[in-house]
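Before any questions on binding or motion, here is one chain by itself as structure tokens, the form predicted on its own.
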């Protein structure tokens, strides 16, 4: 049976052909060394679908990236992602979560500019704080009678409740939920755009699915604790992210604040945890987001490296020079905004419906207004691409077929899951 680990191994072999580097050894150690030793893995059909999608997106990263060290780290990140998704106990979850966090920190530690140093340091500090909170919460949970080898206890004691709350605070750091989002904006905007795509598009998406899988049974039995907490966090996060994105000129900063806002949308699945549609909502949101967020940052990487484009002013009239790349970016932005027939629209529709189904229609209304607000700053980017005059033609420094192929894979996912909802639902 073909598993995600064999799929990633195939991607590693392909990267050797494309880049003429010996990546097989570290990847094989990661995939087979870890996969062969873990006995706590389980996988539903939905989880297997998401793992295949994560593997496909990582394949697109390998096609796009030129630096061998980043490709190797991408493969390690992929293996850790699979472990996290398939963990089914507190112990396996914490180990896999910290493994993914460590690889994410290593990913941004390869710095070349002052901005990248600042982004990497802020991420390191945030990761350290999150780890401290996670283990503090785990300590309280164990003091209350929790077991490491089991899932969260449904009937929690006071200490277990305190432990779960503190662990959630740690996870809020990783999911970039307000007020633990500050590091993410600077990190996503200042590290290399490929790394930002991996962190915001892949690592965060995998983390939110894994967190929902582990904590959903517990939260569903403690609605008086879960619902007010996540309503507050979700509403503040999406509003904060969307509002501040309106006033940015740097494209990476706009996408960074957009990522914060989308973390708020994802948190709605925890708000609607009593609804039978919550699981479909978080899965659909994760699938849509991993395609469109990854694609947007990878296109931004191409714009910066090939055309020296970093701000909205630089982007003026870009469609006149490269209409295909402009169209690919516009499609992903429309999907992030929630335009129909794209994955972002159905993702928001399903997760908003889950909130309504749980009896919180007013929260869904706030989310809908936030989604309408986000259209404004995505439209500003599209306006710069198509409706501004091209003042000076940008010199194209490179034009790689593999990077274009990567974008075709990602845009195919955005369009396919925007039309064929039945694959997930």
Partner chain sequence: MIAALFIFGPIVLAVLLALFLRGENVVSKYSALALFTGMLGFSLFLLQELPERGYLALGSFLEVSKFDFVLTLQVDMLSTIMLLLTSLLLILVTLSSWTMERQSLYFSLLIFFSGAIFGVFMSTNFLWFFIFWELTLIPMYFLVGVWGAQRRIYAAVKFFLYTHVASMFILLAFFLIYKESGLFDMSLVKEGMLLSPVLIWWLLFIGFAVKMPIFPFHTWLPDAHVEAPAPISVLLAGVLLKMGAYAMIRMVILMLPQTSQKYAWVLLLLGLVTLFYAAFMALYETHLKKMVAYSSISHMGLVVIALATLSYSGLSAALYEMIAHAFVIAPLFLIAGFFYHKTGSWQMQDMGGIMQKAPYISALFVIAGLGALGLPGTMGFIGELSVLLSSIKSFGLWMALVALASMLGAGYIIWTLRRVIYGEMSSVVAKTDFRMNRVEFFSLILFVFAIVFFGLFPNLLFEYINAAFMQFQSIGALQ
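This one's a predicted model, so the numbers in the text were calculated from it and none came from an experiment. Positions refer to the first chain, counted from 1.
There is another form of this protein, the form predicted together with the partner chain, and it is not shown here; the text below is about that form.
For residue 118, is any heavy atom within 4.5 Å of the partner chain in the model of the complex, or not?
Outside the cut-off, so no.
Mark residue 349 yes when one of its heavy atoms lies within 4.5 Å of a heavy atom of the partner chain in the model of the complex, and no otherwise.
Contact check for residue 349: yes, within 4.5 Å of the partner chain in the model of the complex.
Check residue 334 for me: does it contact the partner chain in the model of the complex (non-hydrogen atoms, 4.5 angstroms)?
Answer yes; at least one heavy atom of residue 334 falls within 4.5 Å of the partner chain in the model of the complex.
According to a 4.5 angstroms non-hydrogen atom cut-off, is residue 386 in contact with the partner chain in the model of the complex?
Answer yes; at least one heavy atom of residue 386 falls within 4.5 Å of the partner chain in the model of the complex.
Within 4.5 angstroms, counting heavy atoms, which one of the listed stretches 88-96, 105-113, 351-359, 127-135 is next to the partner chain in the model of the complex?
It is the stretch 351-359.
Could you spot which one of 220, 341, 148, 143 gets a heavy atom to within 4.5 Å of the partner chain in the model of the complex?
The residue from 220, 341, 148, 143 that makes the contact is 341.
Heavy atom within 4.5 Å of the partner chain in the model of the complex: which of 277, 318, 307, 159?
Filtering the options by heavy-atom distance leaves 277.
Could you list the residues in 403-420 that come within 4.5 Å of the partner chain in the model of the complex, counting only heavy atoms and keeping sequence order?
Sequence-ordered list: 419, 420.
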